[in-house]
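As a starting point, one isolated chain is supplied in structure tokens, in the form predicted alone.
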């Protein structure tokens, strides 16, 4: 077997199989660090601010927001589309890269899948609140003869959102949980407390690591990956139909489906980088979330960032080429109207900032990548804001033109949802293995600095194929 010297190691630090288990399980077995406690208290406090904003909305209605008769969608739908986009990268990394047998997914897929679940939960808050009376949310479901003469509109993309996002969330949740089962069994066999052991025993579904267990695990993972892959494309396509099927200038465009999908993947990878760079440092996982993982994700950011840039320029060209004065004005107003600053923040963060990753030294610098990932997240939030607000605030009639200013309640809810997301993610890092233990061990032979050397020894010294030259006494799957 020939292994290219240019192929980067995905597990460093001369780790044995037992050391992999110990390193990844350490945050679960040990007491929480001061850094984790501080971050958890901060995120929980921010979540409390959001709770106050939500309570104020429920008591006083959406009149507490800054919406007006022209701008009926703003922060609420901006944040909804933003969080749905964030939720795309987890399933993309796990499903598509699993189908293509990309080994570098093993360091980041677990946290990315968790990010999907938490982001979709955050997104689901906003349509519910925007109803004004969320306790009547069940009206959106087609319950036969329950609403009397009131029926949902099956031609509405808003109803398609309900089905698409609920399906996506269900499949992503099962996919995430299925991948956790072998690692739950590992934690079950190592944890000391009786209650904790019983919890992990229930979560592990009786996993014993037999050949039959692994066979079924591989089969189910591939089936779920096959189901998840088209969902990655379909969900944000349907979200884009919320806008593209309307007749409002700035929304009525056929480029929205691929444009939204590329933007979702772009923003999702930006958030994955933000989370993983901090996680690898705080939990001392630099040997499992390596510079190679970060560099691979930066390359995806370059590609998707250029796709988004092409979409921006295509929108302007089609607005001019269409000959519609209303469409043309909508896009000129975006770039040079009252909200010009939001447009150029979006364009600078999403198109210009990822281009620095053409320089290898910069995309291999974790803290520089972290800063750019923050810019990407900011830019993608402003993209949704620009699409929604600048297309609405100037109507066909000048007398209907209105400026939108978010209220304190809207700011509180938006900030609070970030608190919810990070609180859930911090709890995940405390009670779940952040990196997939079994999957990391599966690539040790070819992608770690210890066992790849052994494979080379086999080649040069004639060790029988399949028999490692070195085996740690603790090298077992647990």
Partner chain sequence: MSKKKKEKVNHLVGIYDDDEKLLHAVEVIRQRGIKIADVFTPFPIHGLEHALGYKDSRLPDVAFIFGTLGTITALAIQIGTYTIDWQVNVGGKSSLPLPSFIPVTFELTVLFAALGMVGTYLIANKIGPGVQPEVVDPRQTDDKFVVIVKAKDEAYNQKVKQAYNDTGAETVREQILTDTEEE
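Positions refer to the first chain, counted from 1. Just so it is clear, the structure is predicted and the values come from calculations on it, not from any experiment.
The next section is about a form of this same protein that is not shown, the form predicted in complex with the partner chain.
The shortest heavy atom separation between residue 211 and the partner chain in the model of the complex is within 4.5 Å. Contact annotation for residue 426: none of its heavy atoms lies within 4.5 Å of the partner chain in the model of the complex. Looking at residue 365, you'd find every heavy atom of it more than 4.5 angstroms from the partner chain in the model of the complex. Shown alone here, residue 140 lies farther than 4.5 Å from the partner chain in the model of the complex, counting heavy atoms only.
In short, of 326 to 334, 211 to 219, 115 to 123, 365 to 373 it is 211 to 219 that has heavy atoms within 4.5 Å of the partner chain in the model of the complex.
Residues 351, 390 and 402 are none of them found to lie within 4.5 Å of the partner chain in the model of the complex, as judged by heavy atom distances. Screening 167, 407, 377, 314 for any heavy atom within 4.5 Å of the partner chain in the model of the complex leaves a single hit, 167. For the candidate set 345, 277, 310, 227, a heavy atom within 4.5 Å of the partner chain in the model of the complex is found for exactly one residue, namely 227. Of all the residues from 173 to 196, those having a non-hydrogen atom no more than 4.5 Å from the partner chain in the model of the complex are 174, 178, 181, 185, 186, 188, 189, 190.
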